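Shown next as structure tokens: one chain only, the form predicted on its own.
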Amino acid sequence: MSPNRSFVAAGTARLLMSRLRELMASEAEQQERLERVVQLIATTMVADVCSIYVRSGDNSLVLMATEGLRPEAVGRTRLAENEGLVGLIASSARAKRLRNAPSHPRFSYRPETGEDPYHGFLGVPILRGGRVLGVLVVQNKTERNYDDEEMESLQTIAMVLAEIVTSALNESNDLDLRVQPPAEMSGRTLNEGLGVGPVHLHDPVVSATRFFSQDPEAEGERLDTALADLRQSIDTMLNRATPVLFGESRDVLETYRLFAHDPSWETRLHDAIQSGLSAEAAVDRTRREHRVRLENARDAYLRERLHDFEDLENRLLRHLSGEGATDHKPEPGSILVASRLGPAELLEYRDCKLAGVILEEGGAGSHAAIVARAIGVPAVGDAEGVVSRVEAGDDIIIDGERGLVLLRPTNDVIENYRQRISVSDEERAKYAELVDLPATTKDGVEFDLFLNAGLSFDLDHLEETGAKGVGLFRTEFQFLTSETVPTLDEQAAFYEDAISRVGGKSMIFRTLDLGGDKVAPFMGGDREENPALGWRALRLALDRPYFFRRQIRALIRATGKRPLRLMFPMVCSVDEYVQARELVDAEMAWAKKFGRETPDELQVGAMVETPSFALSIEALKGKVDFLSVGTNDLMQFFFAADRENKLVSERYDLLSPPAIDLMRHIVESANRAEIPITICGEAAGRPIEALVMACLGYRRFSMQGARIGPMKRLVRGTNFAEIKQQVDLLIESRSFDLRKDLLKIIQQSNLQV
């Protein structure tokens, strides 16, 4: 092995880690530590140059410490965010290695550094919490090719170095590096509302004190124990799922188990520990590597598998933390910031009194969005890159009314939003006065307003909303938040608890809407080209009725002699509805045969979410007890526009002429078939859309709890006959700018929306 290659030897790597640990523990000033770090790396790697660049408040990159370049360049050499090779690494957050750096088109010559003769180049980003703090570079005079192991080793050093750089920035008096400027980001509203508070990162980086290990053997044993616990939990999960998983779903989970037992993954973790890292830092390093590969992967299947690895590593970190882990709970009034959140993860924050939730991913129909509405916190999704742009404790504002996120706002802006929040509180107090009043217009037209719910504690505030009952209770969240398949007893207990909370008011249970994008932890995830149009909801229930029949049995048991109302999701044909109804009848017959209590009244309905079913309504006369229009999915399929894809989701409008024609056809068909029908979707709680639907003939609306007060105020302030006459004329005009004209009518009528 040549001298330049000696760095990759395990003994040398351990020596370097040991010396870095000593530096971290020393009492030297942070700037002195940085200078000693570059000297140490240059000597150990036999490099002619080692330099550290850090990001300043204006996002430029400042030379903070160097060994090999001119000392007077420190603090003076400054590169723009995208300038030079260092800027390229910082902007892309990816490592770069070159045999002949000066020949690269992005090479930027700075005479004050004296770097002309250096050719071999290796640079890696210094990352903390997904944010690029700076860049670590080594250079050689010769045209040298750095190999994969050297790059990985430098990335590990950069991971440790992030803590030193952070401390140096916090202590810096010469450079204004500590304060990032205010910024504004656009996202998508998941739940309306305003919030001001400090950032709480959902997935913070491993603490610097846990990076190193003085006893590799003991760390290896800790890792082995955690791996054994992880594998056991996955085996248990798979065994519990055996009765209900078939085909590709089971294959995916089997693959997940194989990943957990992958010897090459385990070897890489142990190798990292042998180099001097703690078990947590070893896992964190592999997780960072998988994140980079995940970001670069174009193949959807590969992305899914890399995401499985990242999930495994997160699980492994939790096993390593054990019961002695630091309680990472946010302070009351904090705003949770995360890349992505599953429903179970967000539910863990239910009692933390969050002021808001901001996600890099997640659309209005995502599971996290629905949970955010249930726990009553403002939420914004699709805030791309927000995690990398904030630090824990930064002031942040969430504007769920406009889908905005304000980073590090000024005091004036904060005060403005606090005043707006105070006004919102006053508005809620006014809605509370309407709770016991009927939703009846000034001229006596009655409307029924119901609550959409997905979690049992949604029902705790049913009386406070003024809802007539529960128009939709989503039953899949018990499955989506469970690592294993809920047992019959667990399901029955959950449904009985939900029934008891509504206090005798009407309640409609929507049967399982699993599959597609709603994949429970124990199911794995089928690889489908278009999951929204795939094997999901009622299709899954009819093909694999074990899930479905066990749920119906649990609902019958929980209901006892009380009324039971069921509704099937995503029905595409009359025949599908009939097949599902026969399974319900079979469970009723089974309960009676064995002397079980059965509901004194059974009503079975269906969601109108597909155009094919919307055109079949009159054939349902005498077969179905009620219908509910799921406008979210119906419009998605009607316009062939994925409602989770922000590039197309807002391109089509429910208030366009063809959509209005469809909605009119549905309500008129239901009326001819004498079937009660409800609007159940985002449109039900939006004043303008709801007003148009009312003019088409809809009288029942089911919505999230926060919208019932505003909708009741709108209804009670309306002279319906006058409004309907004006709206009907607008509809007949076939205008594609109907929304604008409707706003004028609302303003002229002095309606509050």
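Numbers follow the displayed sequence, beginning with 1. Here the structure is a predicted model, which means the values were calculated and not measured.
FYI, the form predicted in complex with a small molecule isn't displayed, but the following is about it.
With the partner omitted here, the stretch from 627-635, 189-197, 429-437, 86-94 that lies within 4.5 Å of the small molecule by heavy atoms in the predicted bound form is 627-635. None of the heavy atoms of Arg581 is located within 4.5 Å of the small molecule in the predicted bound form.
Heavy atoms of Glu576 never reach within 4.5 Å of the small molecule in the predicted bound form, leaving it off the interface. The closest non-hydrogen atom of Gly681 lies within 4.5 Å of the small molecule in the predicted bound form. Residue contact with the small molecule in the predicted bound form: Leu472 places a heavy atom within 4.5 Å of it. Only one of Asp382, Glu609, Glu219, Asp458 lies close to the small molecule in the predicted bound form, with a heavy atom inside 4.5 Å, and it is Glu609.
Site annotation in the predicted bound form: the residue of Arg110, Arg553, Arg643, Arg144 reaching within 4.5 Å of the small molecule with a heavy atom is Arg643.
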